[in-house]
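Below, in structure tokens: the form predicted on its own, a single chain.
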């Protein structure tokens, strides 16, 4: 799978990230590092523990990373979750977290496919 195909699969913006980071080598490096970022597991654990301040920080981190890497779909859902958690719990958090989880899985699957091709 090419890096550009990976971006199609995760519903990101390849042209935008190349414009920002300039080289495919650098983009690939940071895309592959995304899987090592603990923010998603921190988000899951924080929500389970009802620690909404930490859940806000984790979702905010996911949002920022996705914005920098132009992971458009996951950026949009994590942005909505971040705003819902900004002042603690809100009724829409559960539904928004479900969307973030689905989008995270889609993103991670696309990156793993890219990783497998490069191995």
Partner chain sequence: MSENKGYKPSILITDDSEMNREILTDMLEDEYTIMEAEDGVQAIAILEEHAEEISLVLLDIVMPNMDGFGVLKIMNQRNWIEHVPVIMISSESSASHIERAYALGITDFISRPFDAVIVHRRVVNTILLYAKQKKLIEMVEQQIYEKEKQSDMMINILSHIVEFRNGESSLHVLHIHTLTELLLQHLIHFTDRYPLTQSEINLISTASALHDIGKIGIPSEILNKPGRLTDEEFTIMKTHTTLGADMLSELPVYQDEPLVKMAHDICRWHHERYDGRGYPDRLEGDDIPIAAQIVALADVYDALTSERVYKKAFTHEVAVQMIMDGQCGTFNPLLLKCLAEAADVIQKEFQDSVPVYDNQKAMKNIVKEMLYK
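Residue numbers count along the first chain shown, from 1. Keep in mind that this is a model prediction, so the values were computed, not measured.
The form predicted in complex with the partner chain exists for this protein as well; it is not shown, and the discussion that follows is about that form.
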- [ ] With heavy atoms only and a cut-off of 4.5 Å, decide whether residue 86 touches the partner chain in the predicted bound form.
- [x] yes
Task: Partner contact for residue 37 in the predicted bound form: the partner chain, 4.5 angstroms, heavy atom - done: yes
Open item on the list: Check residue 69 for me: does it contact the partner chain in the predicted bound form (non-hydrogen atoms, 4.5 angstroms)?
Closed with: yes
TODO: Verify the contact flag for residue 65: yes if a non-hydrogen atom of it lies within 4.5 Å of a non-hydrogen atom of the partner chain in the predicted bound form, no if not.
DONE: yes
Open item on the list: Could you pull out the residues of 93-109 that have any heavy atom within 4.5 Å of the partner chain in the predicted bound form?
Closed with: none
